[in-house]
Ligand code: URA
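The chain below stands alone and is given in structure tokens; this is the form predicted alone.
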């Protein structure tokens, strides 16, 4: 069962709510999605990426956290597009890489660029409260963006900028191998599900995305502009929490797609 929400006033709902069961029927991802025609979670794209479970020089097997740290170090040197020249640095992502759930936004903003962390500005603080309201702690999930560098003036990243950042995005998913992906906002949804995705029409639905289940909901910044969107986000994330709880109750081998990741030594 989903835990009782820690905060009820954020969404303005009564203290007793009916838990929403995860929808077992998943509509397929939009055809011709940006990652691949089959929308498969990609294998590691770079031959020198540290792979979770890979045995190193001393026979120590790499953890997901170590693989992500290796990938982040390489990403910080990226100059594939012009965004890196106009920002302070790469904002890679943070959280629990073994959680099986990824919250995916569009791009870092000014505060995120300053601090080097995703979702820490005003919208990020609201996201923290939303997560708590449905029983998540921020450090319990993994949070990142489709673009790793802040666009000038906090504008949306251009298609060529998103395309330049895509290899980093694919390699992160290859390391994380999430069972649940939550797209925050229209841009993240279109990036994974294709240009026909519409956030108002298509949010709150479960999609199949390779081995993962994917749902999109409104970006926290949209809630700051329009508080009426709080209720739909509440309903969406209740369903996400219920599915995550079910996922965490499965055996470890099932949770990692039959490929358990050895603990670090």
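Numbering follows the first chain given and starts at 1. Note that the structure is predicted; figures quoted are calculated from it, not measured.
This protein has a second form, the form predicted together with the ligand, left out of what is shown; the following refers to that one.
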Heavy atom within 4.5 Å of the ligand in the predicted complex - the one residue of 100, 118, 151, 189 that qualifies: 118
Stretch from 128-136, 78-86, 105-113, 173-181 whose residues place a heavy atom within 4.5 Å of the ligand in the predicted complex: 105-113
Close approach of residue 219 to the ligand in the predicted complex, 4.5 Å, heavy atom: yes
